[in-house]
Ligand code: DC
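One chain comes next, on its own, written as structure tokens: the form predicted on its own.
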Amino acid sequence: MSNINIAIDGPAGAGKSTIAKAIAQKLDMIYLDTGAMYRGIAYKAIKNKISPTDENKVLPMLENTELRIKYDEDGQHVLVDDEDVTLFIRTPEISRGASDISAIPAVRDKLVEVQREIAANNNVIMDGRDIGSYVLPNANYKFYVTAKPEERARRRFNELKEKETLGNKTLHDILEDIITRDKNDSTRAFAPLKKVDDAIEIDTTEMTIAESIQSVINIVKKA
């Protein structure tokens, strides 16, 4: 029997990662946070004082970069050149860097190859920007999880505040970051963020996390 793949796409802060993690646990699947992989590459670039938009410098760095994913009782870990960077990649700076660096085709090619290999050998649920359209176009189930920008900004603000990684960022700053990222992700030439025709849209603006999770599980179980 072939492996089951679920693709969840959507803009930043819509809740797709939270939903994907919960569904993976309930359905005993592997959850692959593809965005964390791009964050890992962006983290290395920024750490080495390389602009994530500078393709001429990113490409040589990429050739000498090994990225691996491992799982333990705490969930997914991103290892860049054997360094576990999981705890360092959730800042606004890395978020912007991930959006910028993901627009470089060679970066996406490298990480998509890893993602597809994992999906081919496991029951996997992935979330990102182009999972249903590009990474796993033949996924068994496709969802597009979204929410209004203001609500997504509020959620991200509270998340960063709780993790004490907010810094001097205001709610307005977070909203501006999200609007900018939405534009970058949806207008990039290569594999942009979009809702594919066969994806089911889930708008979480007025939904609790539990309601969002259950709505997706109901559809999968019904099918």
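Because the structure is a prediction, the values reported are computed rather than measured. Residue numbers here begin at 1 and follow the sequence given.
Absent from the display: the form predicted together with this ligand. The rest refers to it.
### Task
Consider I125 of the chain shown here, and say whether it contacts this ligand in the model of the complex, taking contact as heavy atoms within 4.5 Å.
No, I125 sits far enough from this ligand in the model of the complex that none of its heavy atoms falls within 4.5 Å.
### Query
At the 4.5 Å heavy atom threshold, is R39 in contact with this ligand in the model of the complex?
Residue-level check for R39: yes, a contact with this ligand.
### Task
State yes or no: in the model of the complex, is some non-hydrogen atom of R116 no more than 4.5 angstroms from a non-hydrogen atom of this ligand?
Result no; R116 lies far from this ligand in the model of the complex.
### Message
Please determine whether R155 contacts this ligand in the model of the complex, using a 4.5 Å cut-off between heavy atoms.
### Response
No, no contact at 4.5 Å.
### Query
56-64, 161-169, 28-36, 43-51: which one contacts this ligand in the model of the complex at 4.5 Å, heavy atom to heavy atom?
Of the options, only 28-36 has residues within 4.5 Å of the partner.
### Residues of 183-200 having any heavy atom within 4.5 Å of this ligand in the model of the complex, listed in sequence order
The stretch 183-200, when checked against this ligand in the model of the complex, contributes D185, R188 at the 4.5 Å heavy-atom cut-off.
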